[in-house]
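We begin with a single chain expressed as structure tokens, specifically the form predicted alone.
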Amino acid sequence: MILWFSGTGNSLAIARRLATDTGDTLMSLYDAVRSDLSKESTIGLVYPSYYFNPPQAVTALVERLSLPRNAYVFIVITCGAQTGNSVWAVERILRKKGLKVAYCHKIRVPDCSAIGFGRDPNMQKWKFERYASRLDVISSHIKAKRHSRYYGAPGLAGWICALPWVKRRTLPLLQPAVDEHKCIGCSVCMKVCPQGNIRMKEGAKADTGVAYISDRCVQCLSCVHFCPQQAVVIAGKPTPKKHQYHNPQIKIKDLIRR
């Protein structure tokens, strides 16, 4: 079983590819916490790296998983550049459950958070071709149930970014909010939010509501990238349409939680 978490589709696309190559089953982490995985011989986790750490949603969901102790466990991280403590932090949780991570690796993908710093993630699509061969290697390693560790050691950047006072200062840099003047109430952002953190509220327009982002945001920026009106801003800054990104193999319907 390969479990995934994804905001704009990069991790889902990688998880799909691994599932196809290995003949394994695919399931979102949100569905996994409500499922019986006790008979699974393989457990794979595919998720992105945020601020050199796993997304808060991932650590919270992994805490709730019920997993067989004799399973072959692997982790594959998608990231713009570095994994930081993204493997180590989840591995620590799994260790408390009596599981050992046998294999870990990373795949570099377009950095979706680049949009928050005025850069275009679409300019990084060259990473797909450059790292295609690495994905082939990862698939072959997993099929062979190889025990190898790449990019799994804890690092200083991850430690620093996880400090409470650092998080208080840095998280607002990528905090999304809705520009009510641009929002047309289409609810796309609400549908793609993995946390179910976006709701529609009555707006100034008589015929529609406007989106509202609550306080459980994990900053996957899915709402920012998928909004057709570019009405979701980051730290008060407008979102350029040309900088919006999602994995070309993934459609909105693939990310909607059912």
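We number the residues from 1 along the sequence you see. It should be emphasised that the depicted structure is a prediction, and the values quoted were computed from it without experimental measurement.
What follows is about the form predicted in complex with a small molecule, which we do not show.
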| item | value |
| --- | --- |
| Answer range among 24 to 32, 64 to 72, 37 to 45, 51 to 59 for contact with the small molecule, defined in the predicted complex as heavy atoms within 4.5 Å | 51 to 59 |
| The single option of A162, A132, A81, A153 touching the small molecule in the predicted complex, heavy atom within 4.5 Å | A81 |
| The small molecule contact in the predicted complex: S113, any heavy atom under 4.5 Å | yes |
| Touches the small molecule in the predicted complex: C220 (any heavy atom, 4.5 Å) | yes |
| V109: touches the small molecule in the predicted complex, heavy atom cutoff 4.5 angstroms | yes |
| Any non-hydrogen atom of S11 within 4.5 angstroms of the small molecule in the predicted complex | yes |
